[in-house]
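One chain comes next, on its own, written as structure tokens: the form predicted on its own.
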């Protein structure tokens, strides 16, 4: 038997029954295709009282077709990354019930009790556990897949297991190439064109981006989620679920941390002009800044504890080394946050946080603010001694004109 794309609801239901025990034999099931479906097919299979998700990878990008081939190994990488993340943060990722290599499909927990974080942020929901959960997820997944915890053989085996060239190439281009030149893939608001052209001429900025890019290409530090934006996080008042690690590979830890911080910043920029009362929008911006502090401080506290208690190499267990390491990691994270903000503003894939602003002039104002903050994060990343120093600077930028 070889790969066969699901061609009907009957195919999907048969696969769900074969690879899970959630449904009784005579229980009628229904199928709904869900998600944006840009790259893969995602289905929800529902019975009378329970449901599950099936995700199938095609040998190309779904919305483009066979003209953009893409390795189906990405679905193995996603399944194994979810299983590894679940080893350390079982409450923060969906359960994988089955991975089928032949059909390039995952059967996993349905997390429909949770809502998408990007929508929650656009709607200005304050989530009391978000920063703490994200900080813990990052600390645990990044530490336990690093040389600080693993021995040399295990770490190098991990690097080999998660080689992911097709999806890494997408990130390399969308984060570090396209937004810094007049690339045909870019999507630029005509009112922002002059700002984009000025950015393309900023040699200081482009040098800093090149320094971040070479780390992305070469620094095999930890297993990354690889695509940790607010669309990959699902939330409710009592929990958080992080999904879609198909971009996972072993790279610089700051890339994951920066990607999600960048999404806080994008929403901060959007809230300046999203609909609603100005005081309410500004209050939410301040909540986002405070939650960025919570995220980083939770991460750094947990990571430091792991280093002290579980790092075997005494040369890497020194308190002074931990201090230096976390300072370097904060700078990297802020730099990668800046690249996320810029690529979401003038690159290919924009975000609802800003795109949903209907008035073109107001949307341009938020995009211009995003570009300003993104460049600040990249250029000044090494100057911030703490996350509070950054959020104080952003507060001044936002509220003290």
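Nothing here was measured: the structure is a model prediction, and the numbers come from that model. Positions refer to the first chain, counted from 1.
Unshown form predicted in complex with another copy of the chain; subsequent notes refer to it.
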| query | finding |
| --- | --- |
| 4.5 Å heavy atom contact, residue 160 and another copy of the chain in the predicted bound form | yes |
| Another copy of the chain contact in the predicted bound form: residue 168, any heavy atom under 4.5 Å | yes |
| Partner contact for residue 220 in the predicted bound form: another copy of the chain, 4.5 angstroms, heavy atom | yes |
| Contact of residue 313 with another copy of the chain in the predicted bound form (heavy atom, 4.5 Å) | yes |
| Residue among 91, 197, 147, 283 with a heavy atom within 4.5 Å of another copy of the chain in the predicted bound form | 147 |
| Listed residue that, although another copy of the chain is not shown, lies within 4.5 Å of it in the predicted bound form (heavy atoms), from 129, 119, 101, 207 | 207 |
| Segment that reaches another copy of the chain in the predicted bound form - one of 78 to 86, 318 to 326, 92 to 100, 270 to 278, heavy atoms within 4.5 Å | 318 to 326 |
| Another copy of the chain in the predicted bound form reached by all of 301, 304 and 392, non-hydrogen atom within 4.5 Å | no |
